[in-house]
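First comes one chain, alone, set out as structure tokens in the form predicted on its own.
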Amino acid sequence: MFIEIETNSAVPIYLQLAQSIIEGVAKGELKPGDSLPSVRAFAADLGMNMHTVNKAYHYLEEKEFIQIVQKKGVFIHENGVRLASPSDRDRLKKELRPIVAEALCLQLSNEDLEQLVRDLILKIKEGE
């Protein structure tokens, strides 16, 4: 799995890392039960602070994308790929709301916005 971090991005580095791992799960590159490197090893591999990786891991653990098992390691959670619960849907709706509002301010039509989402889905599934 390839992880690209944009240091000049307004998106915090820990969130970029977490989003890369989520995208790896979405693409099928990471499957439930797959192991991830330890915080220390991942930080060394990526050339970043251990606290940044730790923050990304805890973010992913909270969202049930990974499971941290003491003395055993970090694994893609068995529920990493699941049907969205009502609370998952509510959370996604809240996270998407400002993006949709911005799109409306930019006068994107419903069709344009839907096409953007379809394009993103295809790119993620195709591994772009």
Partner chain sequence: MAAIIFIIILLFIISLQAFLPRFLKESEVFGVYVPDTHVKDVRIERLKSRYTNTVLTTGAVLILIFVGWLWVVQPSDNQIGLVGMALQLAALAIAMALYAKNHLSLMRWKKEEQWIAGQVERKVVDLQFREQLKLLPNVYFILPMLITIGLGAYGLSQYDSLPNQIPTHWGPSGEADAFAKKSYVSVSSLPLITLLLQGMMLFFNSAMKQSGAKIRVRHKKRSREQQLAFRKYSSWLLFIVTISMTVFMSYLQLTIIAPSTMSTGVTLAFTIGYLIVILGSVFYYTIKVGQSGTMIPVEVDSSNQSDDAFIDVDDDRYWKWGLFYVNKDDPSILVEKRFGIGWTVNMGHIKSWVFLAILIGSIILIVKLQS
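What you see is a predicted model; the values in this text were computed from it and never measured. Residue numbers count along the first chain shown, from 1.
What comes next is about the form predicted in complex with the partner chain, which does not appear here.
For the partner chain in the predicted complex, the listed stretch (31 to 39, 58 to 66, 81 to 89, 95 to 103) containing residues with heavy atoms inside 4.5 Å is 31 to 39. Residue contact with the partner chain in the predicted complex: residue 3 places a heavy atom within 4.5 Å of it. Interface residue remark: residue 49 is counted as part of the site for the partner chain in the predicted complex, having a heavy atom within 4.5 Å. At the 4.5 Å threshold, heavy atoms of residue 26 stay clear of the partner chain in the predicted complex, well away from it.
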